[in-house]
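In structure tokens, one chain follows: the form predicted on its own.
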């Protein structure tokens, strides 16, 4: 029985603009996304007749709705359509380190890790572009995790261009243990009322250095903040403890601060852990994977 382990990184959005809503209900976006050295660990055991999920985190579904399970079934169905597959089932054990409903892309990353692992196991029958096209059928963020590097992301998340110009920041992530529904955030986003002085759509980032004072902006932040005012408090605390910039990632609820090095980020984490406001928060220090 074949068994192998893979790591699935988290991500942050270093900026996120929503540029419109499509007729199919999806939103077009313009974002700079970067993977982080914070990982779920997945163990895949090939065998059996079904695709199953095992995870002890209560927020992770173990049924057919799990993105990792969906990606495994889609890969097997695509690769062996009309033929008897060498394996018809597998069990995916997820060691969940990336918080759930946090804007860090954990579920999408798990799905991408499964696609990549199965593709490698069967001798890489799919090219990276083909694997990314398959990933897009699972979810909007999944192709980014196949891509695996900082990228300017447009469309619904399916068009990616490499962005090799990032400073090697260390992020201090603060998760206030509030699960945010991405669907709810987009449903409550009013594009006509989203007014931010930092009009990122006017910037050409080719050859540019990300300026955290100028470019950290997230159109979804104001929506999530209305329901979770703790986000604004966390941003203020991160900046007060030395972050060069702070912002909510994705649809939330995680807020990150960017620090010049891990020592400064760890010092800020220590200070925040001693703050009475942070008693129900979970904090992580993770380097940007550039």
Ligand code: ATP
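In this text, all values refer to a predicted model and were calculated from it rather than measured experimentally. Residue numbers count along the first chain shown, from 1.
Just so you know, the form predicted in complex with the ligand exists too; it's not on screen, but the next bit is about it.
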item: is_contact(residue 243, the ligand) in the predicted complex, heavy atom dist at most 4.5 Å; value: no
item: Distance check, residue 31 to the ligand in the predicted complex, heavy atom within 4.5 Å; value: no
item: Heavy atom of residue 101 within 4.5 Å of the ligand in the predicted complex; value: yes
item: 4.5 Å heavy atom contact, residue 119 to the ligand in the predicted complex; value: no
item: Check all three, 176, 225 and 255, heavy atom within 4.5 Å of the ligand in the predicted complex; value: no
item: Stretch in contact in the predicted complex with the ligand, which is absent here, among 129 to 137, 105 to 113, 74 to 82, 154 to 162 (heavy atoms within 4.5 Å); value: 105 to 113
item: Residues in 138 to 152 close to the ligand in the predicted complex, defined by a heavy atom within 4.5 Å, in order; value: 141
